[in-house]
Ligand code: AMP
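Just one chain is shown here, as structure tokens, and it is the form predicted on its own.
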């Protein structure tokens, strides 16, 4: 079983397009025998995904700062819930325990967490696979900006050398499993 860290929205006020993707990812993680490692919240895509993984018999580990418990709720159905003092501690634990990363649509926090693992991969601090689920072109503006960085020589590698950009949750897991198998890690 691989531990797959997922970054995603904690907002319930988002378009109806996105929750089914989070639900599919949670269900597929469980079905394929992977552990879901996520931000520990019970709302938004986080809550939908964790509930789907739990309901499908998967292992769910949530990591949440104490300050966010009242804002994001707490994933009481998580197999393990780690409460941290700070966001930095939350991110450190998630990063250290993950063998792969998935990015679903989200806001500033999601983008910031993604940027950190992307930067660390680009700098050679880890070689864990990263998949970005580009539902309905959600990340197109960001991907365009990454292309501009590359064209301006601010980034060495094209984003597609560092991240699997895919249209669906199932495709993300297919790509991560192939990458993990090539690295000799359990898939």
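Residue numbers count along the first chain shown, from 1. Everything numeric in this text was worked out from a predicted model, so none of it was measured.
One more form of this protein, predicted in complex with ligand AMP, exists but is not displayed; see below.
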Triplet 8, 90 and 109 all within 4.5 Å of ligand AMP in the predicted complex via a heavy atom: yes
Any non-hydrogen atom of residue 162 within 4.5 angstroms of ligand AMP in the predicted complex: no
is_contact(residue 46, ligand AMP) in the predicted complex, heavy atom dist at most 4.5 Å: yes
Partner proximity in the predicted complex: residue 99 to ligand AMP, non-hydrogen atom cutoff 4.5 Å: no
Contact label in the predicted complex: residue 68 to ligand AMP, heavy atom within 4.5 Å: yes
